[in-house]
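This document starts with one chain, in the form predicted alone, laid out as structure tokens.
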């Protein structure tokens, strides 16, 4: 029996498992192949939906499903935390001491925000990259009646356009609530423009200029001064706030950090086309866990899982499995509460945002609602 072990039950791992279960259905039914997902969580959270929680546009229950309910019935689901991978013996050990053998292993352990990296953030600021953080920010918005609002970004982080989306949605929300004239909004970014890619930065700058949103560039967060309620940069700039929303730098999962393969921030060195772990032919990496020079976003997991599933099925059937991933990404960008744009790009072609519209906003909402079909590999 060929064992395919997927470490991680998030978007990337679930999409891949479901595609394999469908595309290799004959081999799975006959017992020639077994697909196993090792998940450290029992519930699947649709993370892009967290953006809507602070504005009461989504409820938590709309974003969550049991992991067992979103996996194909033929996929074996195990719960636990991977703690070690023995590449010589092809064995993954879990925190419970279980030893799982594999013929092909896929690391899909994702990434997570690291708010501890910004001293004072937990006492005086908010994040929306976790469900708990998004709900606390929702409560803060419920009572916010104007003042100095600051959105500050650390790098790297998943869903790179989300900070821009939140800022523009917040500005629109303040306008609709009737407190925009009493609200100053400042957006802080570590680079010399409000986004890393020039075309998206140009879009953001135009939108910010039209809406009176101030931009602080080359702003590297050092700490939050809780007593003075000021955000402090490494070069000594201090920005006062009444409401502080921070996107802290992200890191890879603990397993990645302990694996011996990842860099100091937990990103796995990954072949940009074949999605193999560096110097390994039977271990693959997909989703946020990679060190690839592309967005850490759900669409990346989607496109990577298509390529990797096809290659694994081909290898199981005796083929070379040589389809290549070319860095394909697709992202919607909310530019307010009822307008959006989108970008599509790959390694060779930079993004070019289209004109924001209500139609694209509704397309994004529809896409959000179809996430559960997307997980099944149907779309």
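Remember, predicted model here, so these are calculated numbers, not experimental data. Residue numbers count along the first chain shown, from 1.
The following text describes the form predicted together with a small molecule, which does not appear among the structures shown.
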Problem - Full three-residue contact with the small molecule in the predicted complex, heavy atom 4.5 Å, for 136, 189 and 248 - result: no
Completion exercise
Answer key, the small molecule contact in the predicted complex at 4.5 Å (heavy atoms) among 63, 53, 38, 33: the residue is 38
Fill in the blank from the handout: Picking from 85, 153, 150, 159, the single residue whose non-hydrogen atoms come within 4.5 angstroms of the small molecule in the predicted complex is 159
Exercise for the section: Please name which of the stretches 217 to 225, 137 to 145, 272 to 280, 122 to 130 has residues with heavy atoms lying within 4.5 Å of the small molecule in the predicted complex. Expected result: 122 to 130
Exercise for the section: May I ask you to state whether residue 286 is within 4.5 Å of the small molecule in the predicted complex, using heavy atom distances? Expected result: yes
Problem - 4.5 Å heavy atom contact, residue 233 and the small molecule in the predicted complex - result: no
Handout entry: Contact test in the predicted complex: residue 311 vs the small molecule, heavy atoms, 4.5 Å
Key = no
Exercise for the section: Answer for residue 194 alone: is it within 4.5 Å of the small molecule in the predicted complex, judged on heavy atom distances? Expected result: no
